[in-house]
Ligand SMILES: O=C(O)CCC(=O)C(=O)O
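Below you will find one chain, with nothing else, as structure tokens; this is the form predicted on its own, and questions on how it binds or moves follow later.
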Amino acid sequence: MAEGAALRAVRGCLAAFPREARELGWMECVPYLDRPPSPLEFYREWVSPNKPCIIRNAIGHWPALRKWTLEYLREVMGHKVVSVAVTPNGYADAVFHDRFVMPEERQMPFMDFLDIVEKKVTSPNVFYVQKQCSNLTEEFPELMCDVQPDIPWMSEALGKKPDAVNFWLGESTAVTSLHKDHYENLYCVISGEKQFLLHPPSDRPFIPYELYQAATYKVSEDGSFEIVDEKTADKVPWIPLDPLNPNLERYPEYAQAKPLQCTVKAGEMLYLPSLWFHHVQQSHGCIAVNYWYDMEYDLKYSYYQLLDGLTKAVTVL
């Protein structure tokens, strides 16, 4: 009986915590800044309290905003072979049935990828340049002169340079499933727009995780996709829920979550704080660059780990 009462008390605390956190610092929408902040202002107002914002007039001086048309990219990068994620449904690194499935990573001339984006070539599959690990500096160094190697006021605020600078370009059917990162993320949209659905870390008790067999999409000889298990890989903890169409019968706790939604347009920059859950959609042919700064593994991280661990424990019991 005592153990049952203790477990009910823990469940009650976990259910109350997100609501109390919202009362202390909840925002009804993602705020806009009309200019880049000073390093001190940015750290004090946004990084330290772990709050997102959209920053205007931060990348207006980048040549990329004027130059990065598909024609320009074809001229500069057309013959270069790059990594492209290919899936049958637009969901890379996502749960499909009872597997966590990663995309087929296809090496192809960039011009062939652009033919698909521009509908010069039709394909039943979905193609997305989304390889991370600093693919802009590693695979697209020819484009680096059109952007910045880092964001100076962010680098000064955090006292470090970015771990990675990534280049994103794809079809509107390419969707990023709900997940979180251990990065302070600056997401800069060059053309088109990105739609973000966001949850603060405090919503963790409402967000389900399950363990899945890791697998990868592979193209078979007839052109169809098959799912091949990564048999030596550990099981992957991932969020099975689609926040755009949540299955509340299976995951009723999610009904208590209150996501923020925002659209980041060309020339704008989203600051996405570490540990925030995010789901991303995009307009067709949207081009973006993002900077990943490693988070500080401080008391904030320790508190989140405690929240995560308690949520997992009461889910199992």
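Remember, predicted model here, so these are calculated numbers, not experimental data. Heads up: residue numbers just count along the shown sequence, starting at 1.
There is another form of this protein, the form predicted together with the named molecule, and it is not shown here; the text below is about that form.
> Decide yes or no: are T176, H179 and V280 jointly within 4.5 Å of the named molecule in the model of the complex, with each residue judged by its heavy atoms?
Checking in the model of the complex: T176, H179 and V280 are all within 4.5 Å of the named molecule.
> Based on heavy atom distances of 4.5 Å or less, which listed stretch (100 to 108, 206 to 214, 138 to 146, 168 to 176) is in contact with the named molecule in the model of the complex?
Heavy-atom contact with the partner occurs in 168 to 176.
> Using a 4.5 Å heavy atom cut-off, which residue among W292, Y271, W68, F42 comes into contact with the named molecule in the model of the complex?
Among W292, Y271, W68, F42, a heavy atom within 4.5 Å of the named molecule in the model of the complex occurs only for W292.
> Are any of the heavy atoms in Y128 no more than 4.5 Å from a heavy atom of the named molecule in the model of the complex?
Heavy-atom contact with the named molecule at 4.5 Å: present for Y128.
> In the model of the complex, does H199 have a heavy atom within 4.5 Å of the named molecule?
Result no; H199 lies far from the named molecule in the model of the complex.
> May I ask you to state whether F113 is within 4.5 Å of the named molecule in the model of the complex, using heavy atom distances?
F113: no contact with the named molecule in the model of the complex.
> Answer yes if any heavy atom of T87 is within 4.5 Å of a heavy atom of the named molecule in the model of the complex; otherwise answer no.
Output for T87 is no: heavy atoms all beyond 4.5 Å of the named molecule.
> If you apply a 4.5 angstroms heavy atom cut-off, which residues in 186 to 207 are near the named molecule in the model of the complex?
Stretch hits, in order: Y187, K194.
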